[in-house]
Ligand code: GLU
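The chain below stands alone, shown as structure tokens; this is the form predicted on its own.
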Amino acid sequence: MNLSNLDKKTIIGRFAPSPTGPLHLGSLYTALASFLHARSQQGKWLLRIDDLDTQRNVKGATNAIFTTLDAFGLHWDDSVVYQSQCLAGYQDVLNELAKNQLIYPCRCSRKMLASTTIYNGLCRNQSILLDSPTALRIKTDSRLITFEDDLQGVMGHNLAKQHGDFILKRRDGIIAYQFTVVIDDDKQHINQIVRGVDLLTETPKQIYLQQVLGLPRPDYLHVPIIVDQHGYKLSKQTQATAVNLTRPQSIIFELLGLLKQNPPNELQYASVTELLDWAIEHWNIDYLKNLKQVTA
């Protein structure tokens, strides 16, 4: 996509699921929020498949994601991007960071780090060997990373004190989410990111990478997450079931309620297209303020 051919004010959002199973209600909820936020501003909505963690990928999951989004009327713009086809680009950036001595190999095991959530910098002075079987960490500093989330307000983090140097490439060779998401969003010209509030504390790491790499910062909006009756986030780890493709209208209506959009009762039996048209026209993030989670 050539950004020069786009109006500078064009909103470009995205949904970036991992193909580790079918979409459940929680992931569809986030996809819907992202879709509505972009479309309500006459923006584009892109789809990226985050398929780098090959050990967790499930055969057929990608096509199942496509089928589900299509059944619920969440149609994306442009071609689907697959992270697994972008490995050379990630490595190029890692090489540049290594050249500037901003990353280093880390040989610390999980057992060594089990007692702390902040990396202690044990390997910080190691010589860089990109081909060695080690994790790669980026050096952080004491700068305060601040940003204003469109829903959660002003946030501030000191990475050095609150996280320490974090991993860009795992010991098993998998490129880390924190790194790939920054590279991919810039490559796709994403300027609006809507995702769950559970990722809010990860955002400063990505902003730090944007600053180090000289990349623009997107706007962020972190929506409340859906939890089950026990208070656990709906996820594949908590065995959340796949959404039912036979009743997309009623599920979209339910999700709009969970997003506090208050659809009128007469829309309960409307078509998916009619529901989405109404939701795009009436989308209001103010209804979600001060909420951290909602119960399905």
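These numbers were taken from a predicted model, which means no experiment stands behind them. In this text, residue numbers run from 1 along the sequence as written.
The following text describes the form predicted together with glutamic acid (GLU), which does not appear among the structures shown.
**Q** The chain here is shown without glutamic acid (GLU). Which stretch in 116-124, 193-201, 161-169, 148-156 comes within 4.5 angstroms of it in the predicted bound form, by heavy atom distance?
**A** Of the options, only 193-201 has residues within 4.5 Å of the partner.
**Q** My question is simply whether residue 17 lines the interface with glutamic acid (GLU) in the predicted bound form - judged by any non-hydrogen atom within 4.5 Å.
**A** Output for residue 17 is yes: heavy atoms within 4.5 Å of glutamic acid (GLU).
**Q** Would you check, heavy atoms only and a 4.5 Å threshold, whether residue 181 touches glutamic acid (GLU) in the predicted bound form?
**A** Yes - in the predicted bound form, heavy atoms of residue 181 and glutamic acid (GLU) come within 4.5 Å of each other.
**Q** Is residue 208 part of the interface with glutamic acid (GLU) in the predicted bound form - any heavy atom within 4.5 Å?
**A** Taking the distances in the predicted bound form, the answer for residue 208 is no, it never comes within 4.5 Å of glutamic acid (GLU).
**Q** Hey, in the predicted bound form, is residue 53 touching glutamic acid (GLU), heavy atoms inside 4.5 Å?
**A** Residue 53 lies outside the contact set for glutamic acid (GLU).
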